[in-house]
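This document opens with one chain alone, in structure tokens, the form predicted alone.
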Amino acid sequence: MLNWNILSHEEAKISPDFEKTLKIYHDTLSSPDTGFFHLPQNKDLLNETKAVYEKMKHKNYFIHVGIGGSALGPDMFLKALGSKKGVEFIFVNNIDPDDLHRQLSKVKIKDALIYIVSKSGTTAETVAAMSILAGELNKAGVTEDQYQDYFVFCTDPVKGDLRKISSQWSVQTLSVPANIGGRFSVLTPVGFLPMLFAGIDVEKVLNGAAQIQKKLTDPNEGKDFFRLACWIKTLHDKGINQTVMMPYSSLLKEFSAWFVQLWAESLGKDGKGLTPIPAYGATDQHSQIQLFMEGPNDKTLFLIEVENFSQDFSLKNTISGEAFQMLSPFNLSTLMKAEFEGTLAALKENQRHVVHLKISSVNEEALGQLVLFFECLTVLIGRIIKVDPFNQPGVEGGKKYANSWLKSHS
């Protein structure tokens, strides 16, 4: 089970209206409008996804087309847990022509499933990539009446351009529930279909999320969670408005990227916010940790420890040299543990603000726990600092001006 511990000289300050805010938070989670919190119990979405998978599981390539929350979560799960079935995954999550050319050069397009993920069905980057991939299919001799054998859509349950196109092309379509925003959507068909193709046990992912769901809402066990949120708010009010996510695992590097979108897009508005910074250990001990350790003390750091690695290497050797012989009695995982503990102690000594999180290993249950934990923490922080954690007006403004630019140059 995911555990966390605050290492800081700062005490959490409970604001006079915290009980009121807490009630708003509980009402938010219990509301049917907050769909992400209820996903562990929604088995229909997984069953629908499994039915699509059974029809398309013969494909050798999985091309996932989406941007932001439509891609970061699935990519994070695949990078963390790997593909156990030999399917090659391509994530088309940007509009860089050079990168897309390089990606498509590796794919036999007629052996590919193309998964188009866009809740609105109008996301410019996704529409562009879909247009290109349809053209690639045409070059390979695939006609529009055959698209149903290559495309699967994931979009709004009832509306949007992809719904209309799916009817025209007879393409199988999965739903992103209307009450779930993109950055909260990884535990829906957005993430389920690529997970199934990779051989990831989705039931275990949802079970992990259900475990943390129960823990966070328990009247007693939930107290530490609320204390954590109050502590972050206390620091926020003192100008400590940057948040570092630093898992000690290369497999969780993309988890930091997923967290960055969740935290920034949910909390950065109305002149408020907590700027997220991605990092991972032990690599960033040789770069960013210098700033985190001795730079401005304006950061909260989440350090994630992995207790057990599934693989290990002995460092036993006969190479001359003090550094080699010092490590010779140990395994590689022991060195990672030593570096984690050393960094933790040094940060504490320098009076940095640290949350030590611990998972048993990088597996399905742990990722399910981490995802729901940080989604809930994000919503609670949003309520405490009085911003809406579910909208993204700043993102929409950029889209509007991009569309205006295109129209002026057409």
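Note that residue numbering follows the sequence shown and begins at 1. Just so it is clear, the structure is predicted and the values come from calculations on it, not from any experiment.
Absent from the display: the form predicted in complex with ligand PA5. The rest refers to it.
The stretch from 197-205, 230-238, 316-324, 257-265 that comes within 4.5 Å of ligand PA5 in the predicted complex, counting heavy atoms only, is 257-265. Among Leu45, Val379, Val355, Ile67, the residue placing a heavy atom within 4.5 Å of ligand PA5 in the predicted complex is Ile67. In the predicted complex, Asn297 stays away from ligand PA5, with no heavy atom inside 4.5 Å. Mapping the unseen interface onto this chain, Gln242 falls outside it, with no heavy atom inside 4.5 Å of ligand PA5 in the predicted complex. Proximity of Ser120 to ligand PA5 in the predicted complex: non-hydrogen atoms within 4.5 Å are present. Contact check for Pro247: every heavy atom lies farther than 4.5 Å from ligand PA5 in the predicted complex.
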